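Single chain ahead, written as structure tokens, the form predicted on its own.
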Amino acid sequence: MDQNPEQQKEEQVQNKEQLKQQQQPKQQPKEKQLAVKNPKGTRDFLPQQMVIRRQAFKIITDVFEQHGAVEIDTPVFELKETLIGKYGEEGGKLIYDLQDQGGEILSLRYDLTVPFARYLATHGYKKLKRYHIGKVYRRDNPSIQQGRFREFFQCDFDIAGENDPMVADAELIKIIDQIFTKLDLGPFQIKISNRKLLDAMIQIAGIPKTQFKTVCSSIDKLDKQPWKEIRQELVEKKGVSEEQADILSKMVQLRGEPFQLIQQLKEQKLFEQQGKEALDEMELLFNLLKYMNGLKNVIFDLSLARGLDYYTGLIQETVLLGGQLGSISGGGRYDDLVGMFSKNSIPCVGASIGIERIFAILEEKYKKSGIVLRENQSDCIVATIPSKNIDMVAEKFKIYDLLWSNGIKADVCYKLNWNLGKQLTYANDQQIPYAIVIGEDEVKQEIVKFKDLIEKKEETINLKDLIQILKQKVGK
């Protein structure tokens, strides 16, 4: 059937279009762009933040070492069976599990305390005073604003071994007081209680031992929720009778100055039978702290529960007053934990410092102060007066070698053909305090121009005296 002229024309146009498309190179499918973001609940540290972090770590480790602690480290993952069952009903859900690795079921460490107990058993220690700074991991719902991360640092201090009653416990509280005083984060409070008192309170209320863990997890929320809500949870969800809850309420809400509350509890005879030993321990602890001048920031708080299962005696938690960041330190005595990994049970007491929350406070503090921290820690640069003489590059790096060999921190400006002004601008931009300037004349005379970029002063000194003068300037 013959096509009419219009159909022929349309077909010719379509054929031309098809031919055009065939001749064009085929477009490759676009590659999927990688997501440029941090994993949820983690953070990158910028140079300014690293300076703050390094300063905080130094304050903390200096106090630890002042008290005779040695540093240790452990793997970031442990056998899953090492960690399971040590962190209460909530903590157990937050452990990060890893895939089977050659027949071993592993999990990322949740804290530094359980790995320490395993460490003691592994290496046969009977006594050890240690500190450990490392990352831990929790499959938590993160809140960056409140300093809650899935990967974060902890700073732990622990005293393991048989000691006279409450001596190590008192030193631990003194260490916490020293650290937070030196960090200067603002007014703080160290809340102290005893897990044995909690046992006694639950027993006095007539609550069965089988409900201890679940009741403790509710009491542990008293710093965030009013007793009315805690009581409702205990009665409606956890099988505690109204009468039991009312007896418990008379005790768990007590808090105050240590010796005053001790006296009040003695007068009320609340712990005449159950809990008397724990009350005596607390009185001894407070007396030891008084001798150490370590009581000024301490409060005796019977609502303190701490959610972890392994505590056996002293429990403590440190909070900033007027803040919304929650606890910044926690810990206590855990005498039975090592016995889970060894035939020998070793008494231990320790504390963990929540360093991420501290970083956030320090960062905000520096931001408000307007102080710009030095990111580049170099003491000086070597600058050259422009010259066509290629030997000047050699002379420049001979001086750098002299500086580095003598422990002087010196930054290199990589633009070899920059004029002197640009080299000094670079040093100023990096907040480097000194510049050593050489030209052909200086090399011949074996001298250097020594520029103080902060005081805007310059002097000429002999090259042989450079190291001695620089060390005096930078305090080495």
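Just so we're clear, the structure is a prediction, and the values are computed from it rather than from any experiment. Between two forms, the rigid core is the largest collection of C-alphas that superpose within 1.5 Å. One-based numbering along the sequence shown.
In what follows, reference is made to the form predicted together with another copy of the chain, a form of this protein that is not presented.
Report whether the minimum heavy atom distance between Glu442 and another copy of the chain in the predicted complex is within 4.5 Å. Contact with another copy of the chain, no.
His67: touches another copy of the chain in the predicted complex, heavy atom cutoff 4.5 angstroms: Heavy-atom contact with another copy of the chain at 4.5 Å: present for His67.
When the contact criterion is heavy atoms within 4.5 Å, does Tyr366 count as touching another copy of the chain in the predicted complex? Looking in the predicted complex, residue contacts with another copy of the chain do not include Tyr366, since no heavy atom lies within 4.5 Å.
Close approach of Tyr131 to another copy of the chain in the predicted complex, 4.5 Å, heavy atom: Tyr131 belongs to the contact set for another copy of the chain.
Can you check 194-202, 222-230, 298-306, 335-343 and let me know which stretch has heavy atoms within 4.5 Å of another copy of the chain in the predicted complex? Contact-bearing stretch, as computed: 335-343.
Verify the flagged residues Lys127, Lys135 and Asn293 against another copy of the chain in the predicted complex: is each one within 4.5 Å by a non-hydrogen atom? Every residue of the spot touches another copy of the chain in the predicted complex.
Which residue among Glu104, Asp246, Asp184, Glu272 has a heavy atom within 4.5 angstroms of another copy of the chain in the predicted complex? After the contact test, the surviving option is Glu104.
So which of Val76, Leu362, Leu254, Ile385 reaches within 4.5 angstroms of another copy of the chain in the predicted complex, heavy atom to heavy atom? That would be Val76.
Pull the contact list for 426-453: residues with a heavy atom within 4.5 Å of another copy of the chain in the predicted complex, in sequence order. Read in sequence order, the lone residue that approaches another copy of the chain (within 4.5 Å, in the predicted complex) is Tyr426.
Rigid core superposed: Gln260 CA moves 2 Å or more between this form and the one not shown: No, because once the rigid core is superposed, the C-alpha of Gln260 moves less than 2 Å between this form and the one not shown.
After a core superposition, would you say Thr384 shifts its C-alpha by at least 2 Å between this form and the one not shown? Yes, the C-alpha moves 2 Å or more.
Could you check, with the core superposed, whether the Cα atom of Val393 shifts 2 Å or more between this form and the one not shown? The answer is yes; the displacement is at least 2 Å.
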